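The chain that follows stands alone, in the form predicted on its own, written as structure tokens.
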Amino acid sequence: MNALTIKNFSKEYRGGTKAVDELNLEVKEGDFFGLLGPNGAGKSTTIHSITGIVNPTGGSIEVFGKNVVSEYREARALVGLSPQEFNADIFATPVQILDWMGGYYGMSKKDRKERIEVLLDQFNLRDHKKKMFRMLSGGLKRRVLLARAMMNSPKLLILDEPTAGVDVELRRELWQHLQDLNKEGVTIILTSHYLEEVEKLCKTIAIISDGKVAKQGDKHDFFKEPGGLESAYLEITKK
């Protein structure tokens, strides 16, 4: 079964700007999928459409068979999103941030409390659970956002530059968290400008350019050509 099926997806904003142009993409259940492309290629628009932030102009998007427009609630409940920006209340604690997200998904107080305890341990946040978000390091903030994305136990986890701004040691620690989640059966879509990160974590890779998928395949397919992933990426995205 596909975790994500995108067919002829297009998005045109007011003023005539076409961010995505009949994009087709399939992500298999259980995959660790790398979605690459330069700024303005259409990655963010695609992610926002999957999560219901914007509506497609044309085509369709399904998450585990649920249409993200006509079956919004069912589809959204299957998705967790860890965004690039730190979009959390800077005066809230990790526990409060997780609790609010659980409330958004209609979880009972008891279920929220139990889930929070699991996530505090899973992402090594227990010693920081009462600190305000603004007092946390960049790496800890990333962990909080990742834990928040997992609050509803999603089947599909979307990570938009999840290690941006963190040092090498913390980046590798986050990698381990992500690999563990994938081994547990969570399908992951990763966008990143760190090609080393994509090479390390992903099984399948797609490169988007000008709102379309320019190349997609198994990770190892990219290394059969001279220069590997970096060479393919630069060749596809050069203007």
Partner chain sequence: MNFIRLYTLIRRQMDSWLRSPINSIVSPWISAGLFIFIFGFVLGGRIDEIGGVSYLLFVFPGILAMNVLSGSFMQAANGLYFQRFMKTIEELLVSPLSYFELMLGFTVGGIIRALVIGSGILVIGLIFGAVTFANPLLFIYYTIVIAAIFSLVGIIIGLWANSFEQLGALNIFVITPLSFLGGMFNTLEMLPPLMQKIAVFNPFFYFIDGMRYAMTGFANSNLLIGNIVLLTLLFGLSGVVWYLFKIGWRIRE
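Residue numbers count along the first chain shown, from 1. Rigid core: the largest C-alpha set superposing within 1.5 Å between the two forms. Since the structure is predicted, the reported quantities are computational estimates derived from the model, not experimental observations.
The form predicted together with its partner chain is left out here; the points below concern that form.
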* Asked: Which pick from K155, H128, K141, R112 sits with a heavy atom within 4.5 Å of its partner chain in the predicted bound form?
  -> R112
* Would you mind picking the one in G52, G40, G30, G58 that has a heavy atom within 4.5 Å of its partner chain in the predicted bound form? => G52
* Using heavy atoms and a 4.5 Å limit, would one call G165 a contact residue for its partner chain in the predicted bound form? -> no
* Examine Y13 and determine whether its closest non-hydrogen atom to its partner chain in the predicted bound form is within 4.5 angstroms. => yes
* Using heavy atoms and a 4.5 Å limit, would one call E117 a contact residue for its partner chain in the predicted bound form? -> no
* Using a 4.5 Å heavy atom cut-off, state whether L146 contacts its partner chain in the predicted bound form. => no
* **Listed range touching its partner chain, judged in the predicted bound form by heavy atoms within 4.5 Å, from 208-216, 192-200, 65-73, 171-179** => 65-73
* Within 4.5 Å of its partner chain in the predicted bound form, which residues of 100-116 have a heavy atom? Give them in sequence order, or say none. => W100, M101, G103, Y104, Y105, G106, M107, S108, R112
* To do: Inspect the rigid-core superposition and answer whether the C-alpha of K113 shifts by 2 angstroms or more between this form and the one not shown.
  => no
